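Consider the single chain below, provided in structure tokens and representing the form predicted on its own.
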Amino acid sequence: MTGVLVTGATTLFGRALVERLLARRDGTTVLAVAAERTWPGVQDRRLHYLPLDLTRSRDVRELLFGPARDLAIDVVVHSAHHRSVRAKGRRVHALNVDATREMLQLAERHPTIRRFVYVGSAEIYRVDAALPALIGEDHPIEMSPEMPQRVRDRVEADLTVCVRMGLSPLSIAVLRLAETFAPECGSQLFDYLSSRVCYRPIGHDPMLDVISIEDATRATELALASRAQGVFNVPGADVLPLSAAIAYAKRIAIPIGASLIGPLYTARARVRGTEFEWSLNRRRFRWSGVLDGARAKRELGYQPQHRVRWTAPADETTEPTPRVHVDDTLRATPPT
């Protein structure tokens, strides 16, 4: 590995990944790309930052056959997605899906790029009472046209990359990360826990799978350094009931009928401008969904190690809450 191109580099995940790559001290060059004009992270002579609009096909072409070729980039980590949960429209689709397709197609014709790692999300999996709570890579995908554009775009982008496996000259890996509990990552749980009062469906207490930034970036680093191809679930170290997440964030849980939760959070979003969208969470807040990370462990050497810091946004100045301990046996036999 001589050089890595990282898209979506100014997100919390992107910055952490870039800093992890620079910390390797093995001479790897990092070409970081994002929409922001300036690079907000650490400075390093091996880091090259380029502000770029990935929705513009010409810009993507000039990126790959300009700076990426000159720097002998051989690995692409594509993690650029629209950050807003509520954003929709053609321009959002252009970033979430069209840019992914363009990056992959151009990378296949590139003189130096050999590996393509797509950083996706486990939210593309369908969670339902009739489906297993332990989610493998062959678990059914959420294909409902009623889902918000955020999910539909991620499904389309994920499958766009998957269909090139075995046909492309590139070595391709798709990572389906558990929910990253952090700001700037589109985490619905993070926004949900920003309220002091959290409404949850009465009679349901599903198991959630949550990953820290440290583990998300470590799994990505392992994937880009590997030659293993395919889809890899990337679970987190925290597998816990929804009620426990609320308790560790020191929030007040109020169980109510599921039909009432949507209108309440819609009103909350209008008043406070928050991002939590009930239509994205109405299934997973009722039925468990825990990632089976056996393949990532076996082929990438990844195991979750770093637990989430359960501090909600509004409480960042309060005393830290204890972290949730997750026993491995819990992951192996998640409750339904």
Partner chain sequence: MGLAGHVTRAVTRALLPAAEQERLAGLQLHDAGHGWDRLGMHPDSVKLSAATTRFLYEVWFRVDSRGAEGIPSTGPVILAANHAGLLPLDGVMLWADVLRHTSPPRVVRMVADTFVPRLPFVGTAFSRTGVVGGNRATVDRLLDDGELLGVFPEGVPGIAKPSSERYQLRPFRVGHAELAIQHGAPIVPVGIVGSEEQWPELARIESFHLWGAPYLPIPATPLPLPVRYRIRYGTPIDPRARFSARQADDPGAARALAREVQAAVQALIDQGLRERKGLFR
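Here the structure is a predicted model, which means the values were calculated and not measured. Residue numbers count along the first chain shown, from 1.
Just so you know, the form predicted together with the partner chain exists too; it's not on screen, but the next bit is about it.
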{"query": "Contact flag, Gly262 vs the partner chain in the predicted complex, heavy atom cut 4.5 Å", "finding": "no"}
{"query": "Partner contact for Ile202 in the predicted complex: the partner chain, 4.5 angstroms, heavy atom", "finding": "yes"}
{"query": "Heavy atom of Cys198 within 4.5 Å of the partner chain in the predicted complex", "finding": "no"}
{"query": "In the predicted complex, Arg282 touching the partner chain (heavy atom, 4.5 Å)", "finding": "no"}
{"query": "Segment that reaches the partner chain in the predicted complex - one of 70-78, 127-135, 171-179, 108-116, heavy atoms within 4.5 Å", "finding": "127-135"}
{"query": "Listed residue (Glu123, Asp158, Asp238, Asp191) with a non-hydrogen atom within 4.5 angstroms of the partner chain in the predicted complex", "finding": "Asp238"}
{"query": "Sole residue of Glu277, Glu299, Asp292, Asp59 within 4.5 Å of the partner chain in the predicted complex, by heavy atom", "finding": "Asp292"}
{"query": "Contacts with the partner chain in the predicted complex - residues in 142-174 whose heavy atoms fall within 4.5 Å", "finding": "none"}
